[in-house]
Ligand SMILES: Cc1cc2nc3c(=O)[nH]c(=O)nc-3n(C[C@H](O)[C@H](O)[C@H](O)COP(=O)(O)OP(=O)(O)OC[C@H]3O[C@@H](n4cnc5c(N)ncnc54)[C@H](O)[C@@H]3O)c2cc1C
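Next up is one chain by itself, shown in structure tokens, the form predicted on its own.
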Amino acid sequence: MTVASPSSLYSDLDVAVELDAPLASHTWFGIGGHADLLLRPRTLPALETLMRRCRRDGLPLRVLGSGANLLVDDDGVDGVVVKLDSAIFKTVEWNASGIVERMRAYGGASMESIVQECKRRGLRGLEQMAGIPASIGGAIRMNAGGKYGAIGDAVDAVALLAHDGALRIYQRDELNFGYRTTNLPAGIVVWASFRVASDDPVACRKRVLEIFTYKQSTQPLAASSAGCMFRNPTMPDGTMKSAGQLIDLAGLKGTSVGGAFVSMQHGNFLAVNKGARVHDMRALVDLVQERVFAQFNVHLHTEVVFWRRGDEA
């Protein structure tokens, strides 16, 4: 699809439209190209209809979350890019009264904001997500997490919008959360509900601070990066190994290609300097993968998603 995409796709829908939309500012790396078409649905029916029409017309559809785990090719991306930043898709619902045992957050809601609100309300269950930037939809899709746990630990149910525009709710016993994976089929996460429990607000604040302080001490959080670039691999003997440790042992800390470089503080953090291009980062990722494979016979798979023209959405 080109910038001259027919407006019949969206002209009668309640959506905000931007043609040839720059996406660099929507990503944590702050680099990358444009989207041929960026749409922001303002209602769930608008999103449902858009999904059906994209399927009907064979148009690739991609969802732009917080951009924490995304790089858009310098030449941009085709098809339709959807961003769920309208009010309805950022809604967070709590019990109106009584003891809070469930919380529901829509796909565009901020994971960071929810962790802070849980801390304020004295609710435990999602503190393991402290310091992890993500939208709820993106976090669910990749079962985001870290040393202290993952989002799947607290999920109670997920509402998923399939490519045919049908909404299905998956209960906890239907869901399988693994390391950076879920068994959810293709589609858009509309909302997820979480199990939370009341706790001492002071204890909640202490726990969140402990986790965030650990991240600050071990990760270059101020760098222009997306957090960990690679998933921790499974070694030939079946054990899981830290990707950062392998990169360090391969002598790759500080290695750079153009404006992209491997952090000296944490080997699994690949960051960019001002003026860097996505091409630089792709070349650096390839270099790291080649060196680690040559030394350890292990292939590193990226956590970060690369968007480019012609790729399957």
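Model, not experiment: these values are computed from the prediction. Note that residue numbering begins at 1 and tracks the sequence as displayed.
Omitted from view is the form predicted in complex with the ligand, to which the following refers.
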Position in contact with the ligand when the complex is considered in the predicted complex, options 208, 157, 123, 142, heavy atoms within 4.5 Å: 142
Please tell me which of 105, 80, 84, 72 lies within 4.5 Å of the ligand in the predicted complex, judged by heavy atoms. 84
Does any part of residue 64 reach within 4.5 Å of the ligand in the predicted complex? Heavy atoms only, please. yes
Taking any heavy atom pair closer than or equal to 4.5 Å as contact, tell me whether residue 118 reaches the ligand in the predicted complex. no
Taking any heavy atom pair closer than or equal to 4.5 Å as contact, tell me whether residue 192 reaches the ligand in the predicted complex. no
How about residue 196: is it within 4.5 Å of the ligand in the predicted complex, going by heavy atoms? no
Only one of 163-171, 233-241, 132-140, 200-208 has heavy atoms within 4.5 Å of the ligand in the predicted complex; I'd like to know which. 132-140
With the partner left out here, which residues of 225-246 have a non-hydrogen atom within 4.5 Å of the ligand in the predicted complex? 225, 226, 227
